[in-house]
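Coming up is one lone chain in structure tokens, specifically the form predicted on its own.
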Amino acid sequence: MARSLTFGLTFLFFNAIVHAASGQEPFQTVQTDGSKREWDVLRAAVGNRLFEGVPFAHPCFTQGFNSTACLAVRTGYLDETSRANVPGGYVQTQWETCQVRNDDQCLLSYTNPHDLTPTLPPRQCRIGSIPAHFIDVRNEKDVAAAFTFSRKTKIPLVIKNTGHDYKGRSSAPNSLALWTHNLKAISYNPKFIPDGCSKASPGVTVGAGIQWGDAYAFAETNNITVVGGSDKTVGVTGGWLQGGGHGALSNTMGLGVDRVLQYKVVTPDGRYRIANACQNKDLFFALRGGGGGTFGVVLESTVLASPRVTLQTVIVAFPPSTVRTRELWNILTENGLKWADEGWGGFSTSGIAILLNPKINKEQAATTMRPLIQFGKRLQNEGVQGVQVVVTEFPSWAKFFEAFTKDHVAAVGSSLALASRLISKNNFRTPSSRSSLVSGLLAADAATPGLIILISAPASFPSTGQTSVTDAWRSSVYHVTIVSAWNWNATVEEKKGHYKAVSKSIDNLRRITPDGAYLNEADVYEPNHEVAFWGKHYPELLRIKRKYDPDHLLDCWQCVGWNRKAPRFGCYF
């Protein structure tokens, strides 16, 4: 029933967008370059699937706050599926705005989307950083036409599937977006052979619009496991995969880039190429960690499929306090290296630890997790209210994911600054280093509440040496994130303050760790980002970028070879 409601509301809203784009509902937009003839040529080349960008909340400003279309927006404002299905919707709403100017936006309140206040005069619905136009991409010819158009008109391109991007790389003012969301093909071949190769592996081939929720359901039906992210609306093929891609199974089964078998990609010269271990090897290397939106437009990927795994799972949850959180994180760090070697992955915040393991049985899990289980039971015996201790088994990753996502979903509909750090194995080796780590985690969580420890580094997975992510991933146990959120009425100075706050907060961990961060979830203003994201691989990535995109048609914030002074970045601080 809930899924039907979400689909219905999204359908209503998408219809409202179509009417707005056809000129029935004007709003404060911008003038883009390109002659009418050039736009007409592009429209014909893409089968008339070219339309204007429209903000997600647009109907609430133009059709009345109590209109059917606005009700769809208000109801779906905090729903990731509703946002992912709409071209102008972004999971984090600052990327719908031009942050450097007050009121260059079209937002509702994320604390109460049914509050009329943000829509009252003199406020207007402005397009902000939402692309001025979108192409509903259905094939490689659409992308080639967009590259030709951009080369002639100098209008910047962005690539967007779901808008689940913490660094704003899928939006840009006055841009043309390649919306890949409707490329929904998915298939399984137990003996997939990459083109030009001879070795067969089980593989799942997905179009660029497939999201992890789709892929996990498909894998469950086919009795296999695919390794992916922790949010159902994140795309399989886009920034997640091309930027590294981590998840709770990555410790034992590898990062996304460790498991990709082949890409089909349109490079800026308009050619549709196949990249794998046997052809276009340099491009394959670049797409295995060099980041999305940089080397080409990937329309399809094939990822390794593994047999279904049974997951031993331990969950301890309690009302957080500094004392309890310190004890929990002491337990996690004291056992961090041992548990990583044994195959445990998972998550922790100040009031919960969720650990899962695809390698061992129930008895082994109960034995190795005894320190965590005993901690939870002791809190129960002490009469602490709300403590939960769960020791259970899930028959597959999909079944775990279904249960997990009922209570744990990424923030949706708010604007937020995020920063992250990879935590090295060396931080776990001595009592002193562990103490410093726990103190750093507590300090960061106190400064910006909501710290998440993701036990998702490939700590026990052997590297092939053929990926372009920073090697810091290979020597880490944790990936830690922090956030700081703001609402629709924040001032420019307040927004700047949130970015500064997360950077200062993550400094508690930067000071004690090597220079490594996950590019998809890093500080928007990450210092020394070339080293932090790619390490020694950056010079080679830059060479490949210049080879395949000599005219620099693709660009994005802190991406390989980016041009910080480009007008497309005018809404960043």
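What you see is a predicted model, and the numbers here were worked out from it, not measured in a lab. All residue numbers refer to positions in the sequence shown, first residue = 1.
What comes next is about the form predicted together with a small molecule, which is not displayed.
Site annotation in the model of the complex: the residue of 206, 328, 455, 298 reaching within 4.5 Å of the small molecule with a heavy atom is 298.
Scanning 91, 261, 315, 86 against the small molecule in the model of the complex with a 4.5 Å heavy atom cut-off leaves one residue, 91.
Only one segment in the set 40 to 48, 543 to 551, 53 to 61, 512 to 520 has any non-hydrogen atom within 4.5 angstroms of the small molecule in the model of the complex, and it is 512 to 520.
For residue 410, a non-hydrogen atom is located within 4.5 Å of the small molecule in the model of the complex, even though that partner is not displayed.
Looking at residue 234, you'd find a heavy atom of it within 4.5 angstroms of the small molecule in the model of the complex. The small molecule is not drawn, but in the model of the complex it has a heavy atom within 4.5 Å of residue 159. Although the partner is absent here, residue 230 is a contact residue: one of its heavy atoms lies within 4.5 angstroms of the small molecule in the model of the complex.
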